[in-house]
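Read the single chain below, which is given as C-alpha cells and is the form predicted alone.
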Amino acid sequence: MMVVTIDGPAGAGKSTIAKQLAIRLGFAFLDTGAMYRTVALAGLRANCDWNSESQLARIAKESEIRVTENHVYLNDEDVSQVIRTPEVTEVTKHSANNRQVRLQLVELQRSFAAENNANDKGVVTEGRDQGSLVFPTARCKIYLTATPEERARRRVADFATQGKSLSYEEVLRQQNLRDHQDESRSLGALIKADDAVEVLTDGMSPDEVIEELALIVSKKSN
C-alpha cells in the first residue's frame, strides 16, 4: 500500500490538508508534529530541565504516546487540544531537536505506517522530515508551503479560534525563528526531498489544495 508524505514549514496548513486528503483517499492520517508536541507537553508537566537532553529523552521513553487518525494520547489522556497552545508550541523545539526523542518517534511513525499498510490501508503522513528521513522510499512526496506572511496570517487566525490574541508581528517573528531552527537541525531537518512535488498554497482555498494534491497522488499511484 501507498505512503504519501507531506512536509513543509510551520503554518503551511499541513495538518488540516493532510487530514482532509486522507479522508478523500480513504487512507489513515498521521500527524507527526502532534507527537513532538506531546513529548514537549510531558516535559512541561514534569518540570523538565530543557538544557538536559537526556532528561527529556527519559521522559519521552517513560511516556505512552498513542496516535489515531483524529486524536493523540499521552498516558491515555486525550491531549489533542492542549498540545496546540502557545506554551507547548514554544517548547516543542526541545523535543524536535532531541536526537534520542526523534529516533524514538521515527520508529513509532514507521510502525504506524507498517501496521496500516499490512491491513491494506494507505497512509498520509505529515511533518518536517517524512519524505527525506522517515519514509525516503515513499512513492508520493509532497512539499506543502506558503509565503512567510501568509503562514503568519493563518496562525494568527488559528490562535484567535482558541481565544488567544497574538499580534501578527510576534507570530511572524516566532515563525521565522522556528523556520531557522527547523532547517538547522542535525537530524530531521526541514528539507524538501529531491523527488518531492512542491505546492505553494498562497491564494488557494483548502478545497483547491486538496484537489491538487489528490491529482498528484493519482499520478504517482499509476
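Note that the coordinates shown come from a computational prediction; the quantities given were computed from them, not determined experimentally. The first residue of the sequence shown is number 1, and the count goes up from there.
Here the subject shifts to the form predicted together with a small molecule, a form of this protein not shown in this document.
Colleague: To verify the annotation, which of these, Arg178, Arg66, Arg153, Arg58, has a non-hydrogen atom within 4.5 Å of the small molecule in the predicted complex?
Modeller: Of Arg178, Arg66, Arg153, Arg58, the residue with a heavy atom within 4.5 Å of the small molecule in the predicted complex is Arg178.
Colleague: Does any part of Thr92 reach within 4.5 Å of the small molecule in the predicted complex? Heavy atoms only, please.
Modeller: Output for Thr92 is yes: heavy atoms within 4.5 Å of the small molecule.
Colleague: Give a yes/no on whether Val124 approaches the small molecule to within 4.5 Å in the predicted complex, heavy atoms considered.
Modeller: No, no contact at 4.5 Å.
Colleague: Using 4.5 Å between non-hydrogen atoms, is Arg102 touching the small molecule in the predicted complex?
Modeller: Contact with the small molecule, yes.
Colleague: Counting only non-hydrogen atoms and a 4.5 angstroms cut-off, does Arg185 reach the small molecule in the predicted complex?
Modeller: Residue-level check for Arg185: yes, a contact with the small molecule.
Colleague: Pick the stretch from 68-76, 111-119, 125-133, 144-152 whose residues have a heavy atom within 4.5 Å of the small molecule in the predicted complex.
Modeller: Every other range fails; the passing one is 125-133.
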